[in-house]
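Shown here is one chain on its own, the form predicted alone, set out as structure tokens.
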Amino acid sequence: MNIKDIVRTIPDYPKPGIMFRDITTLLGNAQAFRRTVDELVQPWAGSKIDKVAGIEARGFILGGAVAHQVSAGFVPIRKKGKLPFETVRIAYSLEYGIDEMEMHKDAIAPGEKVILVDDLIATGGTAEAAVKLMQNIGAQVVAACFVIDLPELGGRAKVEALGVPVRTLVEFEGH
């Protein structure tokens, strides 16, 4: 089974020229979903990981499954205003403007080992901000894991520049 073949590509979504990589087909295939999670966690099997952080929204699905596999807690990283308790926040640049993401202030203790999970890394702005957010509160971000990499957009380099290794399972050309 080739994970790349199971990901659906939707041309011109959400705007012309974008090739949207839809992982719902992968999530809906029990065998492919299990294999994806197993491959994401493989390098850390048997390691002590305290938390897995997932970026809203598909990172919640994958991150929860990864957290279960490595016997770690799960931390949701959400858009501003979506969490009910005290939060820490970071602003980051989007293609046209600025957005903010946050997590609960007490979700990760200083020194805890954390893996960041999301479905795809493109320009890397969201992943870079998530890593900085966690590092700012003292987390040791041991890796960032993504199912899909769009290497032409350079996101991997932004995360690696923060001293965090990046693991991806498949690459797609273009954006």
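Don't overthink the numbering: it's just position in the shown sequence, from 1. Since we're looking at a predicted model, the values are computed, not measured.
Missing here is the form predicted together with adenosine monophosphate; even so, the following discussion is about that form.
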| item | value |
| --- | --- |
| Adenosine monophosphate in the predicted bound form: contacted by all of 45, 112 and 115, heavy atom 4.5 Å | no |
| Residue among 70, 120, 27, 107 with a heavy atom within 4.5 Å of adenosine monophosphate in the predicted bound form | 120 |
| Interface stretch in the predicted bound form with adenosine monophosphate - options 123-131, 61-69, 137-145, 27-35, non-hydrogen atom within 4.5 Å | 123-131 |
| Touches adenosine monophosphate in the predicted bound form: residue 19 (any heavy atom, 4.5 Å) | yes |
| Contact flag, residue 150 vs adenosine monophosphate in the predicted bound form, heavy atom cut 4.5 Å | yes |
| Close approach of residue 175 to adenosine monophosphate in the predicted bound form, 4.5 Å, heavy atom | yes |
